[in-house]
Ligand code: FIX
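Take a look at this single chain, the form predicted on its own, given in structure tokens.
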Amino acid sequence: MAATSVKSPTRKNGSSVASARRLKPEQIPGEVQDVLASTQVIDIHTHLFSPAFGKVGLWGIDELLTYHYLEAEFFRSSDTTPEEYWKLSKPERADAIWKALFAENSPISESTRGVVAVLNAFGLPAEASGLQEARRFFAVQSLESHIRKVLQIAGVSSVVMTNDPLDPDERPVWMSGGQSHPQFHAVLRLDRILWGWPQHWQQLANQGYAVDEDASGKSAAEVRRFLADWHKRMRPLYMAVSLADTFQYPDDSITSKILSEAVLPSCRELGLPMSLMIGVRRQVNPRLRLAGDAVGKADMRAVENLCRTFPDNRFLVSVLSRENQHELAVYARKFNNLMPFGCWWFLNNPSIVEEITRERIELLGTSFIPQHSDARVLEQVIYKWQNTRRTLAPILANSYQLLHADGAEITRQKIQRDVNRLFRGNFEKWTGLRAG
């Protein structure tokens, strides 16, 4: 199904007489597909930016083609070395990737197929020998209107950014007033503080916070002051960190110290959830730069210990290893302060998404968040949410057909209620977004 065939989600959900009509088993798949297509989603984790951030936000065909997912594939299908590749300009890199992955090979991987879906959504050819037409199309777009069009095609009402207060490109925007675009929400990202403290603590010290290299003395209190200041500046929906597969809690690391003594107390005080994305193995092949990260199986007892030790904190958790998914779902049954979300990075393939989503439904009902796009380039939300709806449709239809076979009545209204919860309600409740 082309992205352009997704219905604009503007219908008033569950209000018609037809929505209360009992569905026959053979009617369920069509109703599920229609509800999924007509319900707007909140994309709860992206690397997108509102126009206020200027060139920090990525969009357009050259950015789509030089996305690090495609770069990793490129080096498998080309004789170009990473060292030769990085010497090229961005358009030259895009041309090389297009030639290797789209002209000389069929774009059947998830990432390459996504580029085809984006081109199709805008009526652009995917079989062209070059990229001139796509480049001309994107060159004349007004960013503001283009954002509205992309989100409308994707069926996305709003996106949640990833905002690092220590990033030198982002910080000036926030210090000069921040951003107010209604479809973009902030998140306070803490990677540099939690696991990058030895390299970055001096940045806090230079800003007037009395911290030291060992995170001793007043450091915890000063980190809390820093977080309070940035909460006031950003108004984030949650705090977040990406963690390695080796993450443990508790241990004697600076990460555990700052997490327990500064970050989680601040989350409680400010009423924010803490998002943990666990399982990355950084730079296993540094020649590939951003594409050089990999995946590792984590010890999920760290999540268990955090949920048990801090029952008044709310945790959003996504794990990168497929092998950790069952444990995460089981822990969510034991701790109601844990919200599993998404199929992250290397898991964002339909075969794996299907398995994980079925498992979560069987263990958790609708009390989880099935997906986020993790989009780094604006137009990626089109194909990522198209794929999510496409994958979810048979999963949900099968669940309702099984429920019908067991004696329950299935109506469109009930389907709409459940999809609302999965696509937005769980996140709104977890973060208080409606109140904000």
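What you see is a predicted model; the values in this text were computed from it and never measured. Sequential numbering from 1, following the sequence displayed.
Unshown form predicted together with the ligand; subsequent notes refer to it.
Peer 1: Is His185 close to the ligand in the predicted bound form, meaning a heavy atom pair under 4.5 Å apart or at it?
Peer 2: No, His185 is distant from the partner.
Peer 1: Find out whether any non-hydrogen atom of Ser242 is located within 4.5 angstroms of the ligand in the predicted bound form, and reply yes or no.
Peer 2: Ser242: yes, in contact with the ligand in the predicted bound form.
Peer 1: Within 4.5 Å, heavy atoms only: does Tyr69 come near the ligand in the predicted bound form?
Peer 2: Yes, Tyr69 sits close enough to the ligand in the predicted bound form that at least one of its heavy atoms falls within 4.5 Å.
Peer 1: Test of understanding: in the predicted bound form, would Phe335 fall inside 4.5 Å of the ligand by heavy atoms?
Peer 2: No.
Peer 1: Is the ligand close enough to Met277, Trp345 and Arg376 in the predicted bound form that each of the three has a heavy atom within 4.5 Å of it?
Peer 2: Checked in the predicted bound form: all three residues contact the ligand.
Peer 1: Counting only non-hydrogen atoms, choose the one of 391-399, 43-51, 28-36, 363-371 that falls within 4.5 Å of the ligand in the predicted bound form.
Peer 2: Partner-contacting stretch among the options: 43-51.
Peer 1: Which of the residues spanning 177-192 lie within 4.5 Å of the ligand in the predicted bound form, based on heavy atoms?
Peer 2: Read in sequence order, the lone residue that approaches the ligand (within 4.5 Å, in the predicted bound form) is Arg189.
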